[in-house]
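Form predicted on its own, single chain, as structure tokens, below.
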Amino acid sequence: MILILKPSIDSETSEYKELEMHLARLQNIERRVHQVRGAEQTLTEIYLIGNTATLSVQEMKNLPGVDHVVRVSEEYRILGRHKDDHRSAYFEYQGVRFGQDTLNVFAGLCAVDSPESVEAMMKALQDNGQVCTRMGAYKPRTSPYSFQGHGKNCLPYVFELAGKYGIKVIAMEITHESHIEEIQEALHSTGNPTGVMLQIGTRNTQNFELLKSVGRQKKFPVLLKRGFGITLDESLNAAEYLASEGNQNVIFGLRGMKTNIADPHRNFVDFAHVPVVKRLTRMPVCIDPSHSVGSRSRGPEGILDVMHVTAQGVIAGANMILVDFHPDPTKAVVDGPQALLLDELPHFLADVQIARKAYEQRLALLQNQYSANC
């Protein structure tokens, strides 16, 4: 059960202290307090964990400072959708809105290789009106002998160039909790010119201690990729690990499933789960066409498979696109064969807008049908 307090209530108010006294009397009920910071106000949510079935929703709503009450189901308690649950399905970060009703493109380098590549990428983004990107500093690899990323050494020039070209948010994978501190230090030393969205890669989806560490910090939002060989339910519960530690600003990423059935694509595309995740949870949903397809193959009409797959996800209602670009894919140190060229960026963005318009037209068609039936 979730008690959502009135906007004016916080831990210093008399109503909150009176509420605490009431809740302390509940037997075998654990309490967790979360604060949800929006653009204009901060809401306090109190999660009651335990045998809450016997608690009356109306009685809880009548307690001091309580605005409304949500009785949750067993699964996805914090991030899930529940009956009479009107909590928002979006958050804002660095002036950018991330929600189940928005679409943001994060085109960039899968792995940072040089300042020149970073600058060329960010200039192309600025020229095309983009304010988000992906930049890989820490790269978990299958082989211990493969390039593992430049790590903290590249962070200062990545952040400085982001500020120079107006990039507001960088999606950046981390593999260890120490990387959070390294990112914070680099941002501070460069004057906080940009923001970072921490990315949990598919190999770390069930690294529960890492999830807890990332969830305990509330400065950076989180992009959690679906585990490549586990069920959707297991991956959604991984997202709950983040939220249960306090960070509810989570985006769920679909990146394809590891199976030979997908051949010749790198992974079996799972973008049909875009509306499923949006139905089960309040998380925005990201698609990763680059790691799903894994190549620059084209259909007989000449359209890249990456663009076909992107369109499928966008038409299904995706809210974020994580896609690989590189100034010279032949020289990319990681995943060069799947990277798009910088001069393909305008075409890619225009193709995305066509797919987004189709999605919006589908919504309008449904609304017209609903209005006619009423």
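If you're wondering where the values come from, they're calculated on a predicted model, not measured in any experiment. Note that residue numbering follows the sequence shown and begins at 1.
Not on display, but discussed next: the form predicted in complex with a small molecule.
Of the candidate stretches 288 to 296, 156 to 164, 82 to 90, 124 to 132, only 288 to 296 has residues whose heavy atoms lie within 4.5 Å of the small molecule in the predicted complex. Mapping the unseen interface onto this chain, G201 counts among the residues with a heavy atom inside 4.5 Å of the small molecule in the predicted complex. For the chain shown alone, D113 is not a contact residue for the small molecule in the predicted complex, no non-hydrogen atom being within 4.5 angstroms.
Taking the partner from elsewhere, V314 is found to have every heavy atom lying beyond 4.5 Å of the small molecule in the predicted complex. At the 4.5 Å threshold, heavy atoms of K225 reach the small molecule in the predicted complex.
Annotated contacts: H34, A239 and R282 are all free of the small molecule in the predicted complex [non-hydrogen atom within 4.5 angstroms].
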